Ligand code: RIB
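Given as C-alpha cells, the chain that follows is alone and in the form predicted on its own.
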Amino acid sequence: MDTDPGVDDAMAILFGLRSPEVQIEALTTVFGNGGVARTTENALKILEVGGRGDIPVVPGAAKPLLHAYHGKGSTVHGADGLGNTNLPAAKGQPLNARAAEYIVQQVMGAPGEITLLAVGPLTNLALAVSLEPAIAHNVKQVVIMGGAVDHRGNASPLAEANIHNDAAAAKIVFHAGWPLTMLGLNVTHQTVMTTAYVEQLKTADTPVTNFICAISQFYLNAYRTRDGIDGFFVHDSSAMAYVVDPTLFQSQKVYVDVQVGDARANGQTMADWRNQWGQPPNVNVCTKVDADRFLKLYQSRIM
C-alpha cells in the first residue's frame, strides 16, 4: 500500500488490517498530505494503533518528478496529518530502503500475487515502473484513489489532489500497461461518513475506533467549512473497499489520459467514453458504488 497518511489514509489502512481478504505486506510512503518524513512517521503510528507494528514501512519520494512540493494537506488533515491529535512518537522505525526499489523487489519476487494499492501521489509507482518496466506484467493489479472523471476537482476546478500533486507521475502510471483500476472523486463522493456515523464507531470503545474518532474531528470540521456538509467524502477507504470486495462497485474500461503542465488543467484526468481518440482502454474506471453496503462493511470490520 503506497500512502501519504493523512486521516483518510489512516482509516483505509485500519480497514485493511481488519479485513481477512487483505494481507498488507508493507506501507510505502510518499509526500502528499504532509512531507514524507511526516507521512512515514504517521504510517508507523497507524500500524501501532492497529496492533501491526511488524509491517514494514518504507520511505519514498519527497517531491514530485518535475517540480517542488507545495502541499496544502494541513488545511484538511491538520499540521500533524492526523487531525492535530499530536500523538506520541512511534516506537518503530522505517526500513532503510527506498520505496520504488522495494516495490520492484516485492512484485518481481512474487509474480502475479502483489496488488499495489496507491492512495497518494503516484510518484513512487512511476519511479518503480520506470526502474523496472517488467513489474507491469508481474503485478496482480494496481488500484489507485485519484482523479476525477466527469466530476469537479478538489485541488483545482478540474483536478483531484493526488493526481494534481504529481501529474507527470500519474501520466506514467496511467500508461504503464498494467491492470489499473481508478477510484476517482466521481465515485468517492458517492459515500459520506456523517458525524453520527463516526460517533457510532466510537461506541465500540477500542483503541482503533477511539483513534478514528479523534483524528476525524479536524477532518469533519474541514469538510463542514469547505463543502458545507455534515460528514466527509470517503476517498482512500473506497480504494481499499475495492480490493476487499470489488462487487461493491460498478466500473467501465476506458481510455484515460492525464493533462500535464497546463496552468489551469494540470492533473485533469480525461476519459474518452466514446473512444473518439481511437485508443485502447487503459483504465478500469469505477463509476458507481453501493454506498450503504460499503458503510455497513466498514462499520462491521472496524467495530
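Residue positions are given as counts along the sequence shown, with the first one as 1. Predicted model only: the values in this text are computed from it and were never measured.
Only in words, not in the display: the form predicted together with this ligand, which the text now covers.
Report whether the minimum heavy atom distance between N124 and this ligand in the model of the complex is within 4.5 Å.
No - in the model of the complex, heavy atoms of N124 and this ligand never come within 4.5 Å of each other.
Might E160 be said to contact this ligand in the model of the complex, defining contact as any heavy atom within 4.5 Å?
Judged by the heavy-atom cut-off of 4.5 Å, E160 is in contact with this ligand in the model of the complex.
Looking in the model of the complex, any heavy atom of N154 within 4.5 Å of this ligand?
Yes.
Decide whether V119 counts as a contact residue for this ligand in the model of the complex under a heavy atom distance cut-off of 4.5 Å.
Although this ligand is absent here, V119 would touch it in the model of the complex, with heavy atoms inside 4.5 Å.
Counting only non-hydrogen atoms, which stretch in 62-70, 255-263, 232-240, 274-282 is within 4.5 Å of this ligand in the model of the complex?
Result of the contact check: 232-240.
Of the residues T29, N42, T269, N33, which one places a heavy atom within 4.5 Å of this ligand in the model of the complex?
Comparing distances to this ligand in the model of the complex, the residue within 4.5 Å is N33.
Here the chain is shown alone; which of I215, A169, V129, M145 has a heavy atom within 4.5 Å of this ligand in the model of the complex?
By the 4.5 Å criterion, the partner-contacting residue is M145.
So which bits of 6-27 sit within 4.5 Å of this ligand in the model of the complex, heavy atoms only?
The stretch touches the partner through D8, D9.
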